[in-house]
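Before any questions on binding or motion, here is one chain by itself as structure tokens, the form predicted alone.
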Amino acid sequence: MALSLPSIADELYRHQTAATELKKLTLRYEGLTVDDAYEIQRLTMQRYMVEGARLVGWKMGLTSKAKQRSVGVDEPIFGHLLSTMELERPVLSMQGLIHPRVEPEIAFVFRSRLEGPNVTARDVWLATECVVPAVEVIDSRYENFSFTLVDVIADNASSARFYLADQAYSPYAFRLDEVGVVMRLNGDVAQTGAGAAVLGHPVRSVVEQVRMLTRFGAAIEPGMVVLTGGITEAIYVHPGDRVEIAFAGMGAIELDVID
């Protein structure tokens, strides 16, 4: 099929808003590149913003070296965070979702702009207002949650919902690479991990985020949130489930899943 990035973006938007699966783009459109995929993502997100959603931040994906190796890449990917994705309270409705999974993350919230190809970890710390425990809900729109790198980038890196805990912390209060996380599903331990799973340290994820945004003429703006990447593997959730995520020294999030 001939490549029309706006048409592909329209198709993805329809499936995202209707919560219906679709076949992988790469099975139907030959020659799609990573840059094409990011343009499809941008066009799709633009549709939401025309409808009134606001861009409130960015998310990072494939921040585990093991995950990068599994899809044959040597850098993370990123997606948009929109105001309509943020949960106001820790309750996840299955409405509008297909086969969601949840994963624990550490979010950075920024007080000043970050841009440019030469940003350093020091720049990130100076620009950070606070760090917050978070949960991201990922929900690939592709059949069987199966995709290639190009597919997942086009689909906004599978981002669907996110929730930030009530309590924020100074970015200097913890060694974020050493923050341990225990995720329980209905009382049973489902996953454990530590901040070091995110590129060795979550601050490195933000550095990569800024550098990648620079290539596309974008930046982290004051007030924006960055989800730095999953600390553990994501777990499937269903109506009636309760997910409890304890962040060592940073409190816990209890997420209830409803119809």
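Since the model is a prediction, treat every value here as computed from it, not as a measurement. All residue numbers refer to positions in the sequence shown, first residue = 1.
Separately, the form predicted together with 2-oxoadipic acid (OOG) exists; it is not shown, and the next lines address it.
*Asks:* Counting only non-hydrogen atoms and a 4.5 angstroms cut-off, does Ile106 reach 2-oxoadipic acid (OOG) in the model of the complex?
*Replies:* No, Ile106 is distant from the partner.
*Asks:* When the contact criterion is heavy atoms within 4.5 Å, does Val206 count as touching 2-oxoadipic acid (OOG) in the model of the complex?
*Replies:* No, Val206 sits far enough from 2-oxoadipic acid (OOG) in the model of the complex that none of its heavy atoms falls within 4.5 Å.
*Asks:* Contact between Gly61 and 2-oxoadipic acid (OOG) in the model of the complex at 4.5 Å, heavy atoms?
*Replies:* It does: once 2-oxoadipic acid (OOG) is placed as it appears in the model of the complex, Gly61 has a heavy atom within 4.5 Å of it.
*Asks:* Verify the contact flag for Ala157: yes if a non-hydrogen atom of it lies within 4.5 Å of a non-hydrogen atom of 2-oxoadipic acid (OOG) in the model of the complex, no if not.
*Replies:* Because a heavy atom of Ala157 falls inside 4.5 Å of 2-oxoadipic acid (OOG) in the model of the complex, the answer is yes.
*Asks:* Of the options Arg42, His201, Lys67, Arg211, which one has a non-hydrogen atom that comes within 4.5 Å of 2-oxoadipic acid (OOG) in the model of the complex?
*Replies:* None of the other options qualify; the answer is Lys67.
*Asks:* For the interface check, one of 167-175, 183-191, 115-123, 130-138 should have non-hydrogen atoms within 4.5 Å of 2-oxoadipic acid (OOG) in the model of the complex; which one?
*Replies:* So the stretch in question is 130-138.
*Asks:* Just to make sure I understand: among 228-259, which residues lie within 4.5 Å of 2-oxoadipic acid (OOG) in the model of the complex, judging by heavy atoms?
*Replies:* Result: Gly229, Gly230.
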